[in-house]
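Let's start with one chain on its own, the form predicted on its own, as structure tokens.
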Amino acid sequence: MARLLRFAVLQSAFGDDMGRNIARVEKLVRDAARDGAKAILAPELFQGPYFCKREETRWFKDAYPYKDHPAVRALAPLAGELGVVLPLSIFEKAGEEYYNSLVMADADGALLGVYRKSHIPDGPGYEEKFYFRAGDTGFKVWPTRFGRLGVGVCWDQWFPEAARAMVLQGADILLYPTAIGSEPENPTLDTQPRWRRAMIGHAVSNVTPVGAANRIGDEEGQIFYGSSFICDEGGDLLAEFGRVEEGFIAATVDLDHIAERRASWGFFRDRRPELYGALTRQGV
């Protein structure tokens, strides 16, 4: 019997009210679950506005230990109620350290652990290094009830090494919660096309479906462009949003067929790790 997985990504605007944002995601999760989705991805840091556009200490109060985060406490039980897998992007406080983190809630509501974003951007409108330490967990692949899910967070999605590392760990699909939009220092730059192409390239070179969930809306002049999508293992789009819609999109993939196709392409058979030392050395 084929291993079919229907998965969904959510797209929405988010405001200052954490409870309302969490309730919005809960509604969309319920909608996607009614449509048959078994793994459902919300955008990055969906609990509030994308606060990293400026360096402001007031936002640190919105970080929590991952098991105690309001989004986790509200939505992990929902995963168990609906029998779905929920990767949850949060602002995590761990002792005196702060991380941009991802908590995986399995379909019984159990927490499988935490991933801490590995690549932390720093630039106009995306000043994340003020808030977050670079992650210390390494890349994670989660053995959920419905398949092995690899999840990178936003800036992680631009790095082919991250995608390859997750697939080498056995990821059946790759998911990327995201918050990306306009570039304050260059209003003429629209990164949406290359943002999609980067992740579609991961799908092609790893023969692995990809889903990305982005936010939308105008947050004090920073315009988030949505364009969330799901593509198959060949990079063909299965479902996509435009720049302003709210809701969910979903697609069904055959994990056994994909595994066969991955083997037949030979990318992993023909790898030459002994030649890749430059990838692990600084300044090369």
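Numbers for residues come from their place in the sequence shown, where the first is 1. If you're wondering where the values come from, they're calculated on a predicted model, not measured in any experiment.
The protein also exists as the form predicted in complex with another copy of the chain; that form is not presented, and the subsequent description refers to it.
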- another copy of the chain in the model of the complex: within 4.5 Å of a heavy atom of each of 66, 81 and 146? no
- Query: Between the options 247, 234, 36, 242, which residue brings a heavy atom to within 4.5 Å of another copy of the chain in the model of the complex?
  - Reply: 234
- Item | in the model of the complex, the residue from 112, 74, 94, 200 that sits within 4.5 Å of another copy of the chain by heavy atoms | 200
- Interface stretch in the model of the complex with another copy of the chain - options 84-92, 103-111, 184-192, 209-217, non-hydrogen atom within 4.5 Å: 184-192
- Within a 4.5 Å heavy atom cut-off, is residue 142 in contact with another copy of the chain in the model of the complex? no
- Taking 4.5 angstroms as the cut-off for heavy atoms, does residue 131 touch another copy of the chain in the model of the complex? no
- Query: Does residue 125 reach another copy of the chain in the model of the complex if we count a contact as any heavy atom within 4.5 Å?
  - Reply: no
- Do residue 171 and another copy of the chain share at least one heavy atom pair within 4.5 Å in the model of the complex? no
- Heavy atom contacts to another copy of the chain in the model of the complex at 4.5 Å, residues of 94-131 in sequence order: 118, 119, 120, 121, 122, 129
